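The chain below stands alone and is given in structure tokens; this is the form predicted on its own.
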């Protein structure tokens, strides 16, 4: 029975996520503004590093998965309807998250090299 419910939920979200996948790419600078203005940083950190909320960057999940979760989250995250955050806004936030580089390896940080 739970498999049928999960399939039904996925089918209901499919049209919205397909529309998001077919539209133009996002604007990373605007995405950063939205990430901060809409309070995403409060749970996910200023650069998506995580905190009370999930780690979002580097290497964010596919945009369709992010959009589906933003619209229909589980847990304590509130849903962001299109009245609060547009589909283009989600694309912009995804573009911003995609620009965040991975942290350097400890061995590559000069200040951490002792005795060299």
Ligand code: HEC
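Positions refer to the first chain, counted from 1. If you're wondering where the values come from, they're calculated on a predicted model, not measured in any experiment.
Unshown form predicted together with heme C; subsequent notes refer to it.
Taking heme C as it sits in the model of the complex, is residue 44 near enough to touch it, meaning that at least one heavy atom pair lies within 4.5 angstroms?
Contact with heme C, yes.
Using the partner position in the model of the complex, report whether residue 85 sits within 4.5 Å of heme C, counting heavy atoms only.
Yes, residue 85 lies within 4.5 Å of heme C in the model of the complex.
Heavy atom to heavy atom, is residue 28 within 4.5 Å of heme C in the model of the complex?
Residue 28: no contact with heme C in the model of the complex.
Would residue 50 count as a contact of heme C in the model of the complex, using a 4.5 angstroms cut-off between non-hydrogen atoms?
Residue-level check for residue 50: no, no contact with heme C.
For 75-113: residues with a non-hydrogen atom within 4.5 angstroms of heme C in the model of the complex?
Contacting residues: 75, 76, 77, 78, 80, 85, 93.
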